[in-house]
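Shown next as structure tokens: one chain only, the form predicted alone.
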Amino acid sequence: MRRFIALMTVVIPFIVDAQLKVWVSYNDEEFAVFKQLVTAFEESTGIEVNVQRIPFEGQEQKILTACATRTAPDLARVDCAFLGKLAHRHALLDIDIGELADKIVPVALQSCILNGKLYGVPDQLTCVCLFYNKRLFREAGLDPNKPPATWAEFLKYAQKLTDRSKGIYGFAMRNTLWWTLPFFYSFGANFIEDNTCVLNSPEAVAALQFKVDLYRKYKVEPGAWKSGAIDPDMGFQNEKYAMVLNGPWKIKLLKTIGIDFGVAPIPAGKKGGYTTIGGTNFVIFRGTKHKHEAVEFIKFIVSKESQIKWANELGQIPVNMEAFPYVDTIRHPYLKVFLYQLQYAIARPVLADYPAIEDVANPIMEAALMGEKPVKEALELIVYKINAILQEE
């Protein structure tokens, strides 16, 4: 620990008598590493940090209530989809991290910018890739070291992998908008342009039609998106689903239970193989009396040294690009794929109510998957409803 603290020492030209109150929602393993970073920050700056863990589920209402009652902490870790609501409600201070901003993964940082101001700094970054079962590949006569490179190739693989008599399917998918964006982006569609939803383009129609066809026409997808069905996570763990989209958060569990799996970039469509991103950001609340100290804390957490430790101890994507060359890809070989995929990632737009957009889009997409609504008609309705929400912002 002493060696780590010495490595992490940050030169700050002042010692202050301040206590930062921070709310976080890390899991147990993440929290243990985070506490080490907090200790190193305290010892190098003299700034005391009071950390409180709050549940990830339900954090939105807790934070909104705290803002309304003026009991919010100085900082909190929030989901990137929630940042927009807080920023639009003027609950946050804009943040200046100086030249460090140039070292943060651009698509992650873009998801924190509203009207040219930075309202959060990413502390955790995720994206999705293609996970595939190597044993099922071998049984189907496919090379487990050559995952599909395009969506056309992906379909051929999925057809070879599917054996409905054994309950084995080539692919399992989720229905939500966030999980469908990689299809839209890879087929060349955009989501929002100039605060207007444009998911009714020919490219978007082709992308959603492809998802529908995987289930209805080619029957290589079992309906894992249906309520009560075996979801993609469980089906992949049970070796019934040969391919799924997933993120780095699943790697530890899959390795623990002994699944022989591989991770590959998103298959390429017309535009390439693009992913959406997720993750969390540290934000500073407007009521803080310690903005300067809060900014220094954030800068410490996302520094090169902190992110090297975070990535190598937890097997997660570092948010600071200067840490990339120091990621232990021998210990965490799958991270190499995710770091590559980040080159083909599109930032999540900062919206006042992203969950509301999911709420209107998801059931309409499900109607298309069920064959109850033509794909083009479904997307026209989605665009109409999303644009109504955007106009209210």
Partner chain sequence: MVNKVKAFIIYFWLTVFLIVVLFPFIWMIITSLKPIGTGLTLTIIPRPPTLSNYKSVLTQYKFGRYFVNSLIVASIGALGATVLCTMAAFAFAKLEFPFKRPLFGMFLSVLMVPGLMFVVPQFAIVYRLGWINTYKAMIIPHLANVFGMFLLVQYMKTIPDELVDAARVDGANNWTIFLKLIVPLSGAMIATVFLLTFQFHWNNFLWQLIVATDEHMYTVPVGLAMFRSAHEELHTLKMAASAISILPITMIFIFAQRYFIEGILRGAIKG
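Positions refer to the first chain, counted from 1. Just so we're clear, the structure is a prediction, and the values are computed from it rather than from any experiment.
Missing here is the form predicted together with its partner chain; even so, the following discussion is about that form.
Residue contact check for residue 162: none of its heavy atoms lie within 4.5 Å of its partner chain in the model of the complex.
Using a 4.5 angstroms threshold between heavy atoms, residue 347 stays clear of its partner chain in the model of the complex. Not displayed here, its partner chain is kept clear of residue 218 by more than 4.5 Å at the level of heavy atoms in the model of the complex.
With a 4.5 Å cutoff on heavy atoms, residue 152 does not count as touching its partner chain in the model of the complex; it lies far away.
The stretch among 363-371, 58-66, 40-48, 336-344 whose residues place heavy atoms within 4.5 Å of its partner chain in the model of the complex is 58-66.
In summary, among the residues 93, 230, 100, 158, the only one with a non-hydrogen atom within 4.5 Å of its partner chain in the model of the complex is 230. For the residues 190, 175, 237, 312, the 4.5 Å heavy atom test against its partner chain in the model of the complex is passed only by 237. For the partner-free chain shown, just 126 of 110-139 comes within 4.5 angstroms of its partner chain in the model of the complex, judged by any non-hydrogen atom.
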